[in-house]
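In C-alpha cells, the next block holds one chain alone, the form predicted on its own.
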Amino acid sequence: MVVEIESLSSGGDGVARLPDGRVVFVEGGVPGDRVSLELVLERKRFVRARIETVLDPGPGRIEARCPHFGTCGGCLWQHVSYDVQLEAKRRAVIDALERIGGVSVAGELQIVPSPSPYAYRGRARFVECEGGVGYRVRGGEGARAVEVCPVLVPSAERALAERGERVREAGNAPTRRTREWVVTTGSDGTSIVTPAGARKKARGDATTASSVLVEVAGASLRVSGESFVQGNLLLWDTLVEAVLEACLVGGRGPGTRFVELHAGVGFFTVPLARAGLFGVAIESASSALADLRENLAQSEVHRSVEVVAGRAEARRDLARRFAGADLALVDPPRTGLEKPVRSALAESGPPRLVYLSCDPGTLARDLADLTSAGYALTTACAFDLFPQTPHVETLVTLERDPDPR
C-alpha cells in the first residue's frame, strides 16, 4: 500500500489518507514523503502503520543527528527539518483551539523558535539501565543506554555521560525499581544530578551541589534539583518577558493584584513582584515551595506575595481569591486545569487570565469552558521549547466578555 504523507499529527506521526478515505497515521512519516506501508493497527475510521520503504523522500526529510534516534523515546522528529517542525506545531495549536476549543486566533498565530534546535535542553530525566543510563525505548518497555544526547546543553550531556560511567563502574545490580535521575542546569552552565522523586539522597548518590541559579528578567532564582524549571534554557528570558507583557498589558502595573497557580520556584512570580504587582502564589511541591520562598526573600519582594502551600484544585477559597484579583496567571501540568479550578474561574475569575500551557488539547478543552463562562480569547502565541519533539508551549490571554452569551 503506497501513500503520500500530507502533514504531521500532534502526536508526531505522519498523516495520510488511504484510497477508502480513512486517515492513516504513519510512524516516521514526513510531509511530502511517498512511502509504502506496513500496517500495524486497523480500525473502522483510521489505521496506524510503519514505513516499509521510503519511495520518494519529502523536501523536509533530513538525516537524524543522534546515533540513538529511532530507538530512544526522547526525540521523534530528528528526521524532520526544523522549519517543517515549527509549521506542524503552529498548525497543531490552531487546530486544537478551533476544533476542540471553538475559538479562533485573530491574525496569524506566531510561533517563537528555539535559538538552536539542538543543545538547548537544560533539564532532563534519565534512567539506569543495562550499560549505564539512558532513556525509555520508543514504543516499548524498558530503557536503552545512550552515550550522547545532542538536545542537551553541553554540561548536561557531560553529566549524563558521567552518571553513566558511575553506574557502569558500580555494576548494574538488579533492583526492585528502576532508578531515575534528573539533570538540572543553571544559567552559568553548571549542571547537577539528583535522584528523581527522592526526598533524601544517599551519600554519593547525587552531585555535591543541590541547586543551581537561574537568571531571568534581572532576578537570580534558586532551583533545587527536585524542583521543576522549564527545559529549554535558551528561551527562559523570552518566555518570562512574554508572560510579563501579557500580565502588564492594558496599563496593569504597580498595585495590580494577581493570583498565580502552579507558581513553582517563582519563575514568573518574582519578576511580577519586581514589576510592582502583589498577590498570591499557590504551589504544592515542597521543594518548589522552599525555593519560591527563598527566591522572594532574596529578591526582597517577599512582602508583596503571599505563598500558599497546597493543591489549587483542593482549595475552598479559590473563587474568593479570584474575585479579589485583577489578574490570574496559570501554568498547569500537561493535564490542564482541574475542573474545580475551571469552575472557580467561571464563577468569579478576574478580568484578565494569562494561561501558559504545555498541551494544546487540554488548553483548548479549558478554553471551551472559560469562553462559555464569559471570557474571550484576545491573544495567543506558541513557543518551541522542545525541538525534535511534537511538544509545543502556548501562551494565551483572555479577558472577561462584557456581554457574555
Ligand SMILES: C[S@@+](CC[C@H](N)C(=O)[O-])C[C@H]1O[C@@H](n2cnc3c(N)ncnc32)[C@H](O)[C@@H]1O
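Because the structure is a prediction, the values reported are computed rather than measured. In this text, residue numbers run from 1 along the sequence as written.
Only in words, not in the display: the form predicted together with the named molecule, which the text now covers.
- The contact with the named molecule in the predicted bound form, taken as any heavy atom within 4.5 Å, belongs to Phe268 out of Phe126, Phe258, Trp77, Phe268.
- With the partner omitted from this view, the residue of Ser104, Gln110, Ser155, Ser284 that lies near the named molecule in the predicted bound form is Ser284 [heavy atom within 4.5 Å].
- Residue heavy atoms within 4.5 Å of the named molecule in the predicted bound form occur in exactly one stretch of 303 to 311, 158 to 166, 184 to 192, 212 to 220, and that stretch is 303 to 311.
- Looking at Pro332, you'd find a heavy atom of it within 4.5 angstroms of the named molecule in the predicted bound form.
- Interface residue remark: Gly264 is counted as part of the site for the named molecule in the predicted bound form, having a heavy atom within 4.5 Å.
- Remark: Gln230 counts among the residues lining the named molecule in the predicted bound form, judged by a heavy atom distance of 4.5 Å or less.
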